[in-house]
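Only one chain comes next, encoded as structure tokens, the form predicted alone.
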Amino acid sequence: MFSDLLNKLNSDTTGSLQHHFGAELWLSVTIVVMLLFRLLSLDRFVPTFIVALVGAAAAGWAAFGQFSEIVAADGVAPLTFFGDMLRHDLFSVFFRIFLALFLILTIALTVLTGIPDNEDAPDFYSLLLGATIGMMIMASANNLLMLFLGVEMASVPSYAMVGFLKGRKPSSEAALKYVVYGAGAAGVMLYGISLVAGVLGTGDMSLMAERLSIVAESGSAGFGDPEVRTVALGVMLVMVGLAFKLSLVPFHFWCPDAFEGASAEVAGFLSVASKAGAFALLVRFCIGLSGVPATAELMTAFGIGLGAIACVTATFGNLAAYTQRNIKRLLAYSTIAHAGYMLMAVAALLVMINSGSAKALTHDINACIGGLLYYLAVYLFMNLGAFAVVALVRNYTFNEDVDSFKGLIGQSPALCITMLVCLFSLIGVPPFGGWVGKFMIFASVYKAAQLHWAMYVVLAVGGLNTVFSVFYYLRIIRAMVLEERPADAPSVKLPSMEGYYVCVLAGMVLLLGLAPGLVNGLTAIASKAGDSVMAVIGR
């Protein structure tokens, strides 16, 4: 019996590594190679960033191969691997490709800006790749233990990257705050996981709805039932950890300080990659609890609660950005606001799944998840583009205030136009990609509003916040275009390679809003990814 168990374990592990864990495995191998380069002093001959780029490209190629296999085998049920701990479906593959592409673009940005230096490069890129592995695991998690492991694998390297600018007091303070708050959130989340798994008798997220149904049917199926109340408490505690990663109010307090203390390159990475991994995990977690008739009312209330948090988060983020002079803090509050917009899609998803007519709403539910994924795809380019401009301007002016952007249109048109495209997309102005993504999310919220009146309030607050955001983004635009550059201000003359980089990012934001073929193709893929994650629990 013991030998059979070992053979099964060996077969499962080998098959998982060969067929489903390729992207993460390539990144893990790359980290080991970079550390060996450091140990053997081989980085004197081959720059570390080349090793990191090759590893990221190999991970992206492996993920794209998985995407091709899934598309070719359309209709095949999603698979589990590593003993049902992780899921392999179009949803997880979408995020592997997303994170690998973003990793390549981030490494390219660090090469152009010179952060990190040659001495620290192996450590920095090891942290960067390690955090990306954690985020990929978050997107694939099928078990509550993997949920925790993925969050921590993504978080711990992030703490170190925030404090990577050695000798800078703001950087050290930001890293310390991030570590302390992150450790507290992780402890709360782990306690919540123990409550949920203890009452339901499983950590498998694909079985949570079934077990919750048994618990609810054996009691009152309301908060008067102690078991349901315990599960509800556990879910809320898990949400504390996810809300911390997503910088949702009231767990947003780390974000502005961390972004201001970290380099613009690290802030850009955290603003996009951590959001992607956390939203993937949130969608899986929420779907795993949904679709049970006995608790449909409770889960609908949970969705409305997420909608309320989304409204508060978007409103606070936009209003708090008004008073910011440091552009990284301003973009941090912008990141908080956009997390609120994206959370609206998850709230709409929960309302539709638990409406009692989920099968009739299959297309709308898939479109809801697809809208969230499309918004994340656009967010990759527009937010990275904004932080890239901040990093490049910082290298010339040694300043990260809004005033350092004064008269930028006359000094570097490429940087100015890129920033304009990214800011207009962040606002949601047509025909930029951000408008398409925001429209898709608001359309899903409107569909959910037809099922529950509270979502009309969420929709109205989302529209008002779009208007609120115009004013603080216009401050940056006014400084770049309308104000004269001070005579004593350093000159910003962009080399051609840096100009090509920012133009590529701006071009992608435009294409994702203007090219119908690209929009329709990505929307179809995102919608199929939504269908795959719904198929995981057999809904």
Partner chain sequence: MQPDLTSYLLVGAVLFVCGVVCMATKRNGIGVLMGVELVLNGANVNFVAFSKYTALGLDGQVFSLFVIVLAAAEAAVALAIALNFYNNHLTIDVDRANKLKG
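What you are looking at is a predicted structure, and each value in this text was computed from that prediction instead of being measured. Positions refer to the first chain, counted from 1.
Beyond what is shown, the protein has a form predicted in complex with the partner chain; the following relates to that form.
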I need the one stretch from 404 to 412, 154 to 162, 340 to 348, 310 to 318 whose residues put non-hydrogen atoms within 4.5 angstroms of the partner chain in the predicted bound form. 154 to 162
Within 4.5 Å of the partner chain in the predicted bound form, heavy atoms considered, which of 430, 198, 305, 463? 198
In the predicted bound form, the one of 436, 174, 454, 361 near the partner chain [non-hydrogen atom within 4.5 angstroms]: 174
Since only the chain is shown here, I'm wondering whether residue 113 would be in contact with the partner chain in the predicted bound form (any heavy atom pair within 4.5 Å). no
Do residue 104 and the partner chain come within 4.5 Å of each other in the predicted bound form, heavy atoms counted? no
Can you tell me whether residue 261 touches the partner chain? I mean in the predicted bound form, with a 4.5 angstroms heavy atom cut-off. yes
Contact test in the predicted bound form: residue 266 vs the partner chain, heavy atoms, 4.5 Å: no
Though the partner is not shown here, which residues of 309 to 339 have a heavy atom within 4.5 Å of the partner chain in the predicted bound form? 324, 329
